[in-house]
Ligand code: NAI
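Next comes just one chain, in structure tokens: the form predicted on its own.
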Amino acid sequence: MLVDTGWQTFNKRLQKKWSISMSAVKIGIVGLGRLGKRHAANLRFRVQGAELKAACSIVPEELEWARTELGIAETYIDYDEMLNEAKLDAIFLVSSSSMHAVQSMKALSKGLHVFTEKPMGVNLEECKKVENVVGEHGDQVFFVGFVRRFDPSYSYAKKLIDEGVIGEPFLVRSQTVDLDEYAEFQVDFVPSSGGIFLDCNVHDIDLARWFLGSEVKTVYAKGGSYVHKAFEEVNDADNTIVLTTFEDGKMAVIAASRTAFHGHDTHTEITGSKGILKIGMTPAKNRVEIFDVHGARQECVNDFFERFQEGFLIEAQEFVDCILEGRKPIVSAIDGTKATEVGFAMTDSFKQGREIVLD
């Protein structure tokens, strides 16, 4: 039997799209850094039904890249200018985390559909404001970039859970581990990103809520700056672990590390009453095994985009599909707020050295 891992559904949607609408969704992207460039290339060349019409960045070199590499004629340094002058249907935000909320609300107020990378806001007040504005614009698509929900392996695991294959799930173990070479670069962004729990574990929090179907009740976080002492100086950490309990008694163990030397190592395990699902336990680049003077080994994926490149494409396609088909995405503003709320509770627990109970 052919198993639908996410790609089959993705391809079926591509085949029927143009019978729904011959009008491409005109998109303006904001932010063309390391991740923004990847998103922009997907929107420009790979996402069906999308027209990447404009790009905005405060870095002139990034705008030059958009003009020369992507052929985008309309480029802007000022976000408000792009909103007012470009004839757009949607905004795709890959800007600094501190700008996501205000840029989302401005775009929504202009009648535009919005995709925002996580986090939706850098504090709960911002997230609540975004939620309210989203509620006032119910006909528009608002999409939070929780990419792991769209990775074929993770979406297939969710399908198996919903079908009862492992019984009732009660425990999630999930981790996000980045290559050490990015650590020193990340220190400068701690004040604006919110720290390791919001920067690394927002996806793990979202997955735990998604897989267990419950809301977080308590968190107890521990960690430290074991490799890069610079994180300690900004009241953050380079390695952490959190014990999380949910309102219905279920549990999650969520870990993060900035100091892996083998590659980007994200994996998740879901334990149920009748079985266990394990996703990506070995961060293999492919299925090739190398046997040489170093022994037997597999090469690893290098960064998060290489690991989730399928998910990023499916996610962007789903955003456009939701607009063309007039439906809501599976991720909502509420999901963005919940993940941020739990992330801040984890940060408080780490700094205070005690269990935090969420209201």
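The structure presented is a predicted model; accordingly, all values stated were derived computationally and were not measured. When you see a residue number, it is the position in the sequence shown, counting from 1.
Heads up, the form predicted together with the named molecule isn't pictured, but that's what we're talking about next.
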inquiry  = Which is the contacting stretch out of 249-257, 142-150, 215-223, 155-163, given heavy atoms within 4.5 Å of the named molecule in the model of the complex?
reply    = 142-150
inquiry  = Can you work out whether Gly121 and the named molecule are in contact in the model of the complex, taking contact to mean some heavy atom pair no more than 4.5 Å apart?
reply    = no
ask   = Taking 4.5 angstroms as the cut-off for heavy atoms, does Val59 touch the named molecule in the model of the complex?
value = yes
Contact test in the model of the complex: Gln175 vs the named molecule, heavy atoms, 4.5 Å = no
Residue contact check: Phe304 to the named molecule in the model of the complex, 4.5 Å heavy atom = yes
task = May I ask you to choose, among Val30, Leu52, Ala66, Val47, the residue with a heavy atom within 4.5 Å of the named molecule in the model of the complex?
result = Val30
request  = Taking 4.5 Å between heavy atoms as the contact cutoff, choose which of Val234, Ile241, Met99, Leu171 touches the named molecule in the model of the complex.
outcome  = Met99
query = So which residues in 182-203, when you check the named molecule in the model of the complex, have a heavy atom no farther than 4.5 Å from it?
reply = Phe189, Asp199, His203
